[in-house]
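Next up, structure tokens for two forms of one chain, structure 1 and then structure 2.
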Structure 1
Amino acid sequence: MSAVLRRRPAVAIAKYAALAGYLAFALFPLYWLIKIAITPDALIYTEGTQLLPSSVTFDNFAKVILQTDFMAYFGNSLYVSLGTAAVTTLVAAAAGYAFSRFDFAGKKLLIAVMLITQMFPLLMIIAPIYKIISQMGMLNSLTSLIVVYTAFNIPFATFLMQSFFDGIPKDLEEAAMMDGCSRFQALYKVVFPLTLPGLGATLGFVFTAAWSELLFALMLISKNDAMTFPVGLLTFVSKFSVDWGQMMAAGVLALVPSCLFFIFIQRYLVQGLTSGAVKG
């Protein structure tokens, strides 16, 4: 397609205009978030609609980092999100592979059940889950969060992985298996490298889902030292006032790990392009 673009400058201009549009749409609200975080409290309302604040302060960041427990919440969130992403992707890759490569009794039923788990509002099952976890003595534990998050993310991650496996011709691994590889060897040597973009995307989704999950973290964790970051954000909204500056500063900080994570998995997302398997 790039050949087409090179031939027609109008198309190229339209393309860059579209890119700029997407960028502005994605970044403007984030810019506003940062703006509020660096605007001194006294100016938040008086200069509400100005694009640039007349003076800038980093107090909010300093307060969030030094005076609150946010760094601890960060650690907790990172632990939970990485743990969830790793476990979910492994489990889902196995399940997705089974769905993609086998026909077996109960397959449709399993798919239907997985879908149904996504259809019922979590609100209605939070009470039973709380009871079960409380009886197991696992309240206030980050491990329980990883288990719950993993369970809820498996269906989507499985469907995602299944589609990626579906996209990889069976002939490849079968050829490898004919050559004497075991299924695992075939998976590892042939299929795995091809699913890297899929694995990357899945890891990314599960990580961000766990990173910003609020309901379970709120309900299952009451102890301050096991709180995750989104619950910590809620504490800036008290009954009588909202500490906008600090909350937005904490929010900006929250974007950093996700950003880094995306840049990291990016290599795998664009891998298809660079490896030359696909031409743009």
Structure 2
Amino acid sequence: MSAVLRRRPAVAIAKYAALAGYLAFALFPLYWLIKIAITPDALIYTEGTQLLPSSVTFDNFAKVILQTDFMAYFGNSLYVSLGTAAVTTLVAAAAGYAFSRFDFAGKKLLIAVMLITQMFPLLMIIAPIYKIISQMGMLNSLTSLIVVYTAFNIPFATFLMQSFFDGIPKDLEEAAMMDGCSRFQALYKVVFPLTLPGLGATLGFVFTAAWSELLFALMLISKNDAMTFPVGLLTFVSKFSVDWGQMMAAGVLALVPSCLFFIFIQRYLVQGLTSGAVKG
């Protein structure tokens, strides 16, 4: 018994050490991003390997905001990401509910087709997508990005929402309908509050995927005023040099919407876990 008790502190220390090591490994790239962003240009190469810069400046942030088109790219990305997240989540929620609650002809075939669409590499289908968008006259349009991102995210988002609906007993809806609710009322008053965690997770996943997507944005958008921020970051790379300070500053600024979005979503994740259950 005493040997077991002596081993417990050692096991706890090892667990915390492993956790600390993992956090350091995961957060170090973020630290280095911020470190380069606040390092003066003259010191980036001379002090590039030092953990702390000898001096700090915020000129890179000021230049990115005031002297480049990054804020326009930023706004374009925000528009595309929010639009994609909203449309995808609505469609995926409806499809996931249908797959979870109803049996209909062709259901298994439709699920199989949706799974197959996730098997093709993007490089294989970028040319057909470009041709379709070009024939529709939607090149250099933010709407084209929303359409493409929505199409590619709906299958996974649908299966994600279906898993949340599967976890909600059908008895809750049946009890509500026995009390006089229509199916839509039961869905809105009983099922919807319980699926807020699923909606939050789906919104977060789709928003992040659309926010950081580069390949389609690079292929479908060539006009400067319609570029999203991942493509805009390439403007800091010239033929003979890279403006590391401004690029890292732009990267730090690009993290802000994602962080704020997940802080907002967190409220509904908690609310979904504590509301909507049968009371009494």
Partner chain sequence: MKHLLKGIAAAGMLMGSTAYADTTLKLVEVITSPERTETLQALVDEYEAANDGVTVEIVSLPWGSAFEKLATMVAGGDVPDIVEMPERWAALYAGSGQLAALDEQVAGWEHGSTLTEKTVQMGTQTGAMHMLPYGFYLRAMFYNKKLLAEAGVETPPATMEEFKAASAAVSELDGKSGYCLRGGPGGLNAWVMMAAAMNGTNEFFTEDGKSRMNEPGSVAGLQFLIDMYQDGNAPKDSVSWGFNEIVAGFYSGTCAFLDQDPDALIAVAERMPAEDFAVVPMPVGPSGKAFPTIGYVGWSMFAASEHKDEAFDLIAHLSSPEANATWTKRVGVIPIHKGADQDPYFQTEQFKGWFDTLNGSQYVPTLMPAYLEQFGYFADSIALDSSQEALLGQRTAQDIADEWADFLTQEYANWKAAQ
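Throughout, rigid core stands for the largest set of C-alpha atoms superposing within 1.5 Å between the two forms. Every residue number counts along structure 1's sequence, beginning with 1. This one's a predicted model, so the numbers in the text were calculated from it and none came from an experiment.
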Either 1 or 2, the form predicted on its own: 2
Core-aligned CA displacement of A24 at least 2 Å between the two structures: yes
L260 C-alpha shift between the two structures of 2 Å or more, rigid core reference: no
